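Each of two forms of one protein chain follows alone as structure tokens, named structure 1 and structure 2.
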Structure 1
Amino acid sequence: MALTLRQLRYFIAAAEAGQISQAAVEMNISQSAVTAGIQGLEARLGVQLLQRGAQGVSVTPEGARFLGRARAIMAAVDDAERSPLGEERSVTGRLRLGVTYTVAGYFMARHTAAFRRSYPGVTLELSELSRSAIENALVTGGLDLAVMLTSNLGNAEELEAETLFRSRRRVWLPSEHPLLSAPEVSLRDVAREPYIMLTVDEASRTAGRYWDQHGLVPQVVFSTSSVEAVRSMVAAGMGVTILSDMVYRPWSLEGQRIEQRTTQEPVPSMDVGLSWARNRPLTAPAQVFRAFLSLTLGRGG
């Protein structure tokens, strides 16, 4: 098999995460895919790149040397992808971008820096707002563009939306929870547990929909708008929750572990995407930002 960029991506992610399984979560794919990809790379090169251990993986000396090269390749690829847009690299102007809470913390952080580097002429004005505030601002012209949850977008007549990626929702459970014994958890079982409700970004509204659909009601013992709080409370055994992979991390702030289980019943994924006013043409900076994100997230284009 020939060397592929996918293999390089997997290797870089695993090397940086220090764990193959964590790298898989971050890339929204399965652990076995990452394992296979890296194995293919090692076979191709005839060199062991990662040292596997009980706590995860660490790069071998050869791996470290190759990691540098791999990063150089990915940098060259990034360059090349943006190059044909090069004319527009000189785009200048203001981009008033609205984002919702989870998007700001778990998604935009990774991309704003790269965007600023690519388009130094664009002044990026980020505002964290609620869904309804964003929708209003888009329609009235207070915002040019928004990155938000596109699955339950209101006001479909006036707003255009484009989904950038989906993140799966799973049950979060503390270590040693009885429900961990099964590979899948039914919503009925979750309904019997104390539930920590996250109240940001329409999370509760979305949750309500799929709970209703199965005629169940979660026993909400605590509502918070802080993902960190949810993480800590789940880790401490105060309850369980259902949230997307995008915000999942295996450790709470206190260092306690959090587990994940797939639900037996299908639960809608969290869809993150762009939204803008239908009747207002995208400004040049907004168009550039849209193209930038599309490329970065590896969708067709």
Structure 2
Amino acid sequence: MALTLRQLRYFIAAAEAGQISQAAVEMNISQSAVTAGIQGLEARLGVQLLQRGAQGVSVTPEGARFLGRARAIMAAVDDAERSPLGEERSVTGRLRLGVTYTVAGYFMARHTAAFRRSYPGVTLELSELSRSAIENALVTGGLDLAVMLTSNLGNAEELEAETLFRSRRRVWLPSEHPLLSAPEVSLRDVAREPYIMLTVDEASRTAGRYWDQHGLVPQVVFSTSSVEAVRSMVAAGMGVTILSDMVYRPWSLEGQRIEQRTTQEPVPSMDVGLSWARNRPLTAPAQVFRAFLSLTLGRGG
């Protein structure tokens, strides 16, 4: 089987991050997908590229030599993929972009920075708003475009939506928790545990839908709008939670480990994408941003 660009991206990300888990977080994919991709690449090349250890991964001598080649390949691919947008780089104007809290904190920074470098003629005005406020501003003309949780979209009649990627929801557990003994955890088992409920970006409302679907009620011991508070409390053993891979980090601010397990029952993903008004054509800057983000995320998956 021929090596793939996806395998190269996974290898480069893991080599630069020094951790498979961190590379997975940065690329919004599962850790197992990164591991499998790198193992496939190593099998194809017949050499070990990364040395696995307790603190993460390090590049082997063979991996260091191949890393330079991999970066050169990806640079050439990036240049080729940017070429269809070459004429659009002269676009100027203002783009009023709405973002929700989770998108602003865990997704937008590197993409908006890259867009500004690529399209200096576009003035990007970012506004962090609630979903309902964003939907209203799109309909009334206060915003040109939004990056939001399209899985939460309420006004589907007046708004168009394009999902860019889906972030899987998993159970977060403190290290050495008994439920870690199995590769999957049932919602019934989770419901028996103290539960830390995130409320920001309608997370509690979304969770309520799948809990209700299975006739279960989590034992909520604390509700908070802070993802970092959830992370710290789970890591400290105060409870468990179910949240998306996009906001997952393997360590709390205090340096305690957080583990993940998939659920036996299907739990809806957290979908991130674009939304705009149906009855209003996208401005030129909005069209360029949509194309840029779609291309960027298409390369990342």
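Since the model is a prediction, treat every value here as computed from it, not as a measurement. Residue positions are counted from 1 along structure 1's sequence. Note that the rigid core is defined as the largest set of C-alphas that superpose within 1.5 Å between two forms.
Source of structure 1: the form predicted together with the DNA.
Taking the rigid core as fixed, one finds a CA shift for residue 70 of 2 Å or more between structures 1 and 2. Shown in the overlay between structures 1 and 2, fitted on the rigid core, is a CA shift at residue 21 of 2 Å or greater. After superposition on the rigid core, displacement of the C-alpha of residue 41 between structures 1 and 2 amounts to 2 Å or more. Here residue 7 exhibits a Cα shift of 3.0 Å between structures 1 and 2, evaluated on the superposed rigid core.
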